[in-house]
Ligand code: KIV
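To begin, one chain is listed below as structure tokens, in the form predicted on its own.
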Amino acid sequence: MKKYKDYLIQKKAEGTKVTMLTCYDYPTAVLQDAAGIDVIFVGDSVGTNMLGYTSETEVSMDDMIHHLKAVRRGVTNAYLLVDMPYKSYDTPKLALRNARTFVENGADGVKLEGMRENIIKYLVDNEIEVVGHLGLNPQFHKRRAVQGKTIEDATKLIEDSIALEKCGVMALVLELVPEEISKILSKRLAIPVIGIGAGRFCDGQVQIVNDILGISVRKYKHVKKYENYREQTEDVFRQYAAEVKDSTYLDETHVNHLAEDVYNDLLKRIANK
């Protein structure tokens, strides 16, 4: 069953958690969709996790469109969300043009960072589904630190979240905030509050797929790692290289043969020439 905005909001109303994971390619999309992930998210984290960039700010519209198309081919049921990359939503008209490009290429909705009320209102008024993002905003915060720790910052974060709901966002991502704040907002807002490093009381969780699989080099307090694919994959590559070098990689079960009569005829033709 295809999942739409109303499905996600209904999960919030029922008290059922929303599941979200980043995704950057077709085979991962197929697996996430088969696993029943609610929201498959083509994040601008593709830059640092897949493209070798040092910052999310290096990610372009072309990068996002390329990966969105790949993920779209693997998604049947999940809600497909895509990040608006840095500088792609500086003005309402620019934001709408780029958001429409994403929708035309298969996105169900777009996510953008910070208090861009006029931008969000303009997108919503033009029938674009928008997810907000407060707390740590990787496109604008150079230092990866927990946000909202003072009374002033915590109050502003709550007020900003309420304001974004009034602007029409369909959901809100809270990144690296104390869980007391996300607990308050999950109770206060009618829209789903999705946390990443925001504690246990959010309406759902989003994580970087590379982090939970153990592909990333860095370790994060908010990440539960299920596998250590980085070490496992490197071990496979080392074993493969060693077996190729010492001619043990293939055995009889891995090769194809000519029929004996064809092989003999071939040898005769070669000898005659």
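Start at 1 and count along the sequence shown; that's the residue number. Quick caveat: nothing in here was measured; it's all calculated off a predicted structure.
The same protein has a further form, the form predicted together with 3-methyl-2-oxobutanoic acid (KIV), not shown here; the description that follows concerns it.
In short, of 203-211, 238-246, 25-33, 224-232 it is 203-211 that has heavy atoms within 4.5 Å of 3-methyl-2-oxobutanoic acid (KIV) in the predicted complex. When 3-methyl-2-oxobutanoic acid (KIV) is considered in the predicted complex, E175 lines it closely, a heavy atom lying within 4.5 Å. At least one heavy atom of I196 is located within 4.5 Å of 3-methyl-2-oxobutanoic acid (KIV) in the predicted complex. Residue contact with 3-methyl-2-oxobutanoic acid (KIV) in the predicted complex: S45 places a heavy atom within 4.5 Å of it.
Taking 3-methyl-2-oxobutanoic acid (KIV) as it sits in the predicted complex, the stretch 52-86 comes within 4.5 angstroms of it through a non-hydrogen atom at just one residue, D83.
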